[in-house]
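Next come structure tokens for two forms of one protein chain, structure 1 first, structure 2 second.
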Structure 1
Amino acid sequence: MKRKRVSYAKYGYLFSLPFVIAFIIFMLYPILYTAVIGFTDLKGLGNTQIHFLENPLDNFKEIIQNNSFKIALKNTFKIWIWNFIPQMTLALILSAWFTSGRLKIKGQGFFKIVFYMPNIITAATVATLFSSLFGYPLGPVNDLIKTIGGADAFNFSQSKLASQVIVAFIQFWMWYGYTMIVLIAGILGISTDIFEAADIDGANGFQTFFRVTLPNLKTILLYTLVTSLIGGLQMYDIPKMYQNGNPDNATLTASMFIYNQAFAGSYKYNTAAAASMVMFAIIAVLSAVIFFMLRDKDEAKLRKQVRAQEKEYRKKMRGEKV
């Protein structure tokens, strides 16, 4: 008994339609629009007239030669690295401790909750809070320096180095708990057989960590690295609210540069758009890395096999014909 097969394919299109429409309106169109603005002379509040430049690449030239933009990119990477290295190191150490079968650390649930807490608190509030904490001359940190250290109050907001270090510290402080939880999940996902084998072979804690845990975490480590880098490139809330780029552009980041060009008084939408596109190019390259990591590996392998089989089959067919 053969029933007429109903095709449900149209529902696939129908159900993904809202996503597609929203994507086109709110992401694709704005991106293309931004790219187009990058080639125009669009400036001034309330101006929406598109008028292409005679030399369309002028904005990009201007941006690449712009000193503030160079400084902003440099600051962004510098602050990101200063936050990422300690963050990763601490997260790795903590996750090794928490997953160790020999150490059996108690209170893990509590520590996880506390370490992760800063991550969900509004970054704008955290940054403002830290600017109060590091206030001069009467902030809590200076209170500590005076009471415990017996030293003079230090004006953190006037020092370029201190400002960058504090922004990097806030990032580190907000994210190490997150990274730790991700790594713990990764370690728990490694087959216990490998750890048992290492145990039987007499490996100590350090050997197990460096020879077994780390190599097996490679994918997750790379994933964390790239997502953190993409997130770091967008760094805006904390440097903006902590020091607003001061002192002397020391905490100016790429996102803040774009905001300042377009929305903080000068309304230079065209150069801001060009800067956005430069950022987009950097992020696109990084996203490509993640993309290849997250592909369905089994599925990709299967498809490859099928293709190879087909090829062989065709070869055979040809061979028979000849």
Structure 2
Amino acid sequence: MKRKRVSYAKYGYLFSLPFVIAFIIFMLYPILYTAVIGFTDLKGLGNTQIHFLENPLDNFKEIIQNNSFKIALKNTFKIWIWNFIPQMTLALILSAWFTSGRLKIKGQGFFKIVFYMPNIITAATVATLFSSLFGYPLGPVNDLIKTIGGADAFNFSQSKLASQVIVAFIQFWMWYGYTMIVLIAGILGISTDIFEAADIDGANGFQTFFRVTLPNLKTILLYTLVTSLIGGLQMYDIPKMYQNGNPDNATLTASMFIYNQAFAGSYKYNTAAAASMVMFAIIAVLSAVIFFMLRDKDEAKLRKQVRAQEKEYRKKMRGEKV
């Protein structure tokens, strides 16, 4: 007798169906709708009269020529770079320490929890905390400045540079622990045989890190770079709650500009959508550049060789047929 084969594939589709439905309703549809209204004249709440513009790129031209958007874009990149470089540097150092077989640091679990803790604190709490720390004229930081010999209290909230540095520091402080955990997971995924071979060959800690660990972390580094880029260019909660773009738009980010266009009194949904699409294009291009820079060159060469061999083989087969 032939046994009837049971296919379990349908159950996999059924389990994934709730996610697919939620993604289509709450993610895919809003993205497509935003892309469409970027080419229309949609403004105001409850406006059902939507018309496509005679020149579909008018909203995009308006955004690109908008001085506030240029300032917001410049601030976003500046704050992201200021927090990303120290974030990656410290995360790499900590991940190398915690995974080192020579150092054998005790209490690693405790330190990992402490370093990761800022990431689970809400943005509103962090913004309130740092507003109190850098308060003027009374605040812990100003009290410390006076204690070590400073003459007058410094008004951090009125300084453009100080406000940007504080926002960048908050972003760094909140996310370096998360980046460290991701890098530790990546290092633990590297075969121990490679590290043992490096020890046998007499490699020291620096040589092992730069010639063994980093080359085998390309995929994880690519992930952290792209996710940090996306998160950094979408920065909203900390600059919004800490300074709300002040002083003089010094902490205004691209996401805050989009929010202000859409909801802060003007209700220009069309220009907000156009700005969103511009940011999407910038993120896509920069992500592609990062992918290209961190690609596996040896694998790329091997693929080219395989393609060349396939072309030669096809030519040869065609010639034999003729």
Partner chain sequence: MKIKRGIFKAIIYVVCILLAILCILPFWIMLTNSTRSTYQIQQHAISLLPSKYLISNLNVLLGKSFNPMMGFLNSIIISTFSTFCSVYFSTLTAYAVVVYEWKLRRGFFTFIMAVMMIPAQVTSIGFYQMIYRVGLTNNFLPLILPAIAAPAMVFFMRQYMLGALPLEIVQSARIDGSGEFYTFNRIAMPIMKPAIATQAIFSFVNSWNSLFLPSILLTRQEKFTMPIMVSLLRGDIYKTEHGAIYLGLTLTVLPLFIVYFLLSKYIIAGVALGSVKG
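If you superpose the two forms and keep the largest set of C-alpha atoms that fall within 1.5 Å, you have the rigid core. Counting starts at 1 and follows the sequence of structure 1. If you're wondering where the values come from, they're calculated on a predicted model, not measured in any experiment.
*Asks:* Just one question: which structure is the form predicted in complex with its partner chain?
*Replies:* Structure 1.
*Asks:* Given a core-based superposition, decide whether the C-alpha of residue 47 shifts by 2 Å or more between the two structures.
*Replies:* Residue 47 C-alpha, core-superposed: shift of 2 Å or more.
*Asks:* For residue 64, decide whether the Cα shift between the two structures is 2 Å or greater, given a superposition on the rigid core.
*Replies:* Comparing the forms between the two structures, which are aligned on their rigid core, residue 64 does not shift its C-alpha by 2 Å or more.
*Asks:* Superposing on the rigid core, is the Cα displacement of residue 37 between the two structures 2 Å or more?
*Replies:* Comparing forms between the two structures, the residue 37 CA shifts at least 2 Å.
*Asks:* Where the core is superposed, what shift in Å does the CA of residue 288 undergo between the two structures?
*Replies:* Taking the core as reference, the C-alpha of residue 288 is shifted 6.3 Å.
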